[in-house]
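Just the one chain here, the form predicted alone, laid out as structure tokens.
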Amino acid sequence: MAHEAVLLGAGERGRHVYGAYAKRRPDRLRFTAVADPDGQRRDLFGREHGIPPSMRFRDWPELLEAERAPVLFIASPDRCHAEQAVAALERGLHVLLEKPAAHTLEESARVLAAARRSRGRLTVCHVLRHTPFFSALNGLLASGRLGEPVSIEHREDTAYWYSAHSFVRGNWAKAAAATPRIVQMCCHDFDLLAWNLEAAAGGVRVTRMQSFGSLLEFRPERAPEGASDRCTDPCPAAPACPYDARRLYLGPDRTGLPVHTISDDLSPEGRLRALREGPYGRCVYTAGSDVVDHQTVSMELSSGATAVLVMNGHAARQTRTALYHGTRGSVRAVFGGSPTIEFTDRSGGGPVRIPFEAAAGGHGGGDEGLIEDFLDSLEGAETAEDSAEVWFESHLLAFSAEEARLSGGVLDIDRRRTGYL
């Protein structure tokens, strides 16, 4: 029998990930109510899932008062997450919560406290744990073949067009209104680091941290000569500009991300209107972004080993890379394009490829894997996220990284961890 659930937020993740799964698997998941302040999105989702108008709400508190489905999916903007999750957990609902769990570390701790008190289950969407790729990497590290970890590097290379879409023109372009970029993008990477450290060297944690980063490119003084404020206006820089919105969003070959986020009307006319009137048609150099486009985090571990996380917003393509060097071997894992995991043993011989299952879908199969595991957990199955605290370490590290960048100092992570856990 399908699990009945309600949805907060019928945008990108709500409609195109969770809603799409429910349409593919009506035997496993059925949405019975939706809340979204955007009436067009709300009604579109309602029609797609057969939700009567009486169960389509503008305000989420009304939904919680009216609906008694035991499961809640939260896919609303970051700043709504904590309040909504706490309210749902206090009602004993099982909650699938988009990352980040909150927009500050203090609010994240509030969500954690509510999860500990609740009879409901909380799963925060660290989707990469649920991919065949990263599961294979984690299994390799758990096997002991690496030996003791000595030096670790994680890279989150964001494609230039995605940086422009989300962090220059989009929802995370302003520091005062958005979750820090290192949290929004790299809480995944910090989660993988914590998960892999537990597998390779149980009990080893980050103890100290330092971070540097800035907004280097997307500033008015770096705009090409004569650049227009909108890409839909005549612009002499357009032929050579990699951020020309017409190139990124228009044309019949442009589908999926990022196109379907700019408007609910994806006809040629609707797209062009969105670029002329909305945020995604603005020149990236004068759009007003004030968040970093690159950042590096250096970490010392309790074992004496070191780790580095690099967030780069100017890559040619979306790629994540993990390098683990240990006392007995080395691992190089590249996630993106043609993903590979290679292990080199100190005893000799060339690198050996580690097999993993191919997976389709968002985040390398992680989106579907996360939903499946969450629903399985409601049926009593054990998962990688059985503890209420399992997601909090990534948030502690990510928010601390931003604080370290802003302060320029070295943070004592052990002390901060003790204060929250």
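The shown structure was predicted, so the numbers you read here are calculated from the model rather than taken from an experiment. All residue numbers are counted from 1 along the displayed sequence.
Below, we turn to the form predicted in complex with a small molecule, even though it does not appear here.
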| query | finding |
| --- | --- |
| In the predicted complex, the one of Asp376, Glu357, Asp38, Glu62 near the small molecule [non-hydrogen atom within 4.5 angstroms] | Asp38 |
| Heavy atom within 4.5 Å of the small molecule in the predicted complex - the one residue of Cys231, Ala75, Val292, Met311 that qualifies | Ala75 |
| Among 222-230, 268-276, 75-83, 141-149, the region lying within 4.5 Å of the small molecule in the predicted complex by heavy atom distance | 75-83 |
| Residue contact check: His363 to the small molecule in the predicted complex, 4.5 Å heavy atom | yes |
| In the predicted complex, Glu156 touching the small molecule (heavy atom, 4.5 Å) | no |
| Ala245, heavy atom within 4.5 angstroms of the small molecule in the predicted complex | no |
| Touches the small molecule in the predicted complex: Tyr285 (any heavy atom, 4.5 Å) | no |
